[in-house]
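Take a look at this single chain in structure tokens; it is the form predicted alone.
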Amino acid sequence: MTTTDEAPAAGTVLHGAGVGRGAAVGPVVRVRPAPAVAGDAPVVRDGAPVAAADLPDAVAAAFADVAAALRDQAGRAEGTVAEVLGATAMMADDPALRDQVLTAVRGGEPPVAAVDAAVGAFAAVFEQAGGYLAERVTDLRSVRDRVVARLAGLPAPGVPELREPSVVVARDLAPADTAALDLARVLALVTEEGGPTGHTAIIAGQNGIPCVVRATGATALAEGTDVAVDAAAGTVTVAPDAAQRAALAARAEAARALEADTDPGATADGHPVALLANIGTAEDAERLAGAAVEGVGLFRTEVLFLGRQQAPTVDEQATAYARVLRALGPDRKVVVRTLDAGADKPLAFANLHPEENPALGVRGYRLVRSAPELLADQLTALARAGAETGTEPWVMAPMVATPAEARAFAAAVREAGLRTAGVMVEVPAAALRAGAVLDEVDFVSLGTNDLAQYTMAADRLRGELVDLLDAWQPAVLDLVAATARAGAGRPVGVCGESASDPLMALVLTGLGVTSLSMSPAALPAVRFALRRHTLEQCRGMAEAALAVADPAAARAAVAGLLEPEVRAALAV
């Protein structure tokens, strides 16, 4: 990572968007930059230039080698990292991209220039499409950089080996970069680009790693310089003084102390609020076997599907689902989200057509319109896994917009032999008609990330729109409140990122939300905040948040009502 900027001086504070509430101090390690290779640079193999006649074969081999390496990384990774690596491998394997490059090379264009031009054209299409595809531009450019490095005979870009606990700094992190991280030695992640709902932020949240994204000036930080990363404040301080180090150490110790409380989630006066975990794989579930978590509120099943040329069989799926149900046992519920994929998360085997606006296209439950067998097989596998383990999974569909869709999904669930059907509330239409939706199903779960995106007409993966995507936006809170009111005693959960914010957790409880699902690392702070406020206090906080005109004022109003002990412990 080269930069012409001078390294920030000691005491300089960089500001960005924080992910989580953790903090850490440590030396900077910078991600290796993409290779600076001229467009007409020679292609090298085994240290010798490749003859002109052999260039097409060398280019095809470079793409194949990059795809194979990414698939190998995906096979050794878990959870969301495995998912995004598999999808990135599919990009490197994409015949349309490869053929466009090969056509240019056979026409006499230098291979490096051809790769750069083809990826640039694809990236422009992705950015114009928005949604998930816009986020994949980082991954697409990672493929380009790896292919170019291979053609030039240079080391692949990425994270160097971490020899000590370090703060990893990058312009942005591609999935292959995150997969290469030795998480045991990652103190914090800092990026100059990206957003709070991008894959870097998700990986950080899942692993309890302090993270600050969109930190302007981060790429100018000097290698080896100590920095203090404070996710709660969204700051990166260069060469922190002794006082700041001591304060952050004390905060970390206080956070560890919160883990001693393993009681079920509840307010100070005993009102129950189920505290659940978000997972993506059977391995994630098995790590929860002895954890202080009351179940799983969101099992993302996409990992089984993405990055594959053929859909997983019913047997494969049943085996994976049974592992999850067995790990949690019969006394802890598991809420399974059916496949949340489509044109914006391309599936090679679904034969979906390209869409101009995939965020508003055939995704989630809407896949029944073009590939109904995917849902049918998934429900069959879940029913088989439930019968095998003697447990009953809850099943919910993403991207449901109407009561009619909810009714059709519930009928399919029950026809498969499963009893408990629900839907995600991510579309404003579903929130506005939540009562009618709940008349068709047994529960709903609010996906606040997508709900904010669709309410505010702001792509959740565009970091520069982070202010519009704030879960404290009054319009988003109004829709959450409307959904919770419609629940009228029926289960209404939240499984978006807002559930992991202790202050927002209090507001959600006050609105009537009955369960909160989040990354396991976020549970202790949320449990602590709940157990020190009564239900009546939570209702007062909800009223205060709904009464103001902007997100900052809403959060400040709630912070002003916190018990002093909680304010001090959470450094609010």
Ligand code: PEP
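Note that residue numbering begins at 1 and tracks the sequence as displayed. Only a predicted model underlies this, so the values are computations on that prediction, with no experimental measurement involved.
Just so it is clear, the following notes concern the form predicted in complex with the ligand, a form of the same protein that is not shown.
- Although the partner is absent here, residue 317 sits far enough away that none of its heavy atoms falls within 4.5 Å of the ligand in the predicted bound form.
- Residue contact with the ligand in the predicted bound form: residue 447 places a heavy atom within 4.5 Å of it.
- Contact annotation for residue 192: none of its heavy atoms lies within 4.5 Å of the ligand in the predicted bound form.
- Contact annotation for residue 422: none of its heavy atoms lies within 4.5 Å of the ligand in the predicted bound form.
- With the partner omitted from this view, the residue of 150, 433, 300, 144 that lies near the ligand in the predicted bound form is 300 [heavy atom within 4.5 Å].
- In summary, among the residues 462, 333, 384, 337, the only one with a non-hydrogen atom within 4.5 Å of the ligand in the predicted bound form is 337.
- Residues placing heavy atoms within 4.5 Å of the ligand in the predicted bound form fall in a single listed stretch, namely 491-499, out of 263-271, 491-499, 108-116, 325-333.
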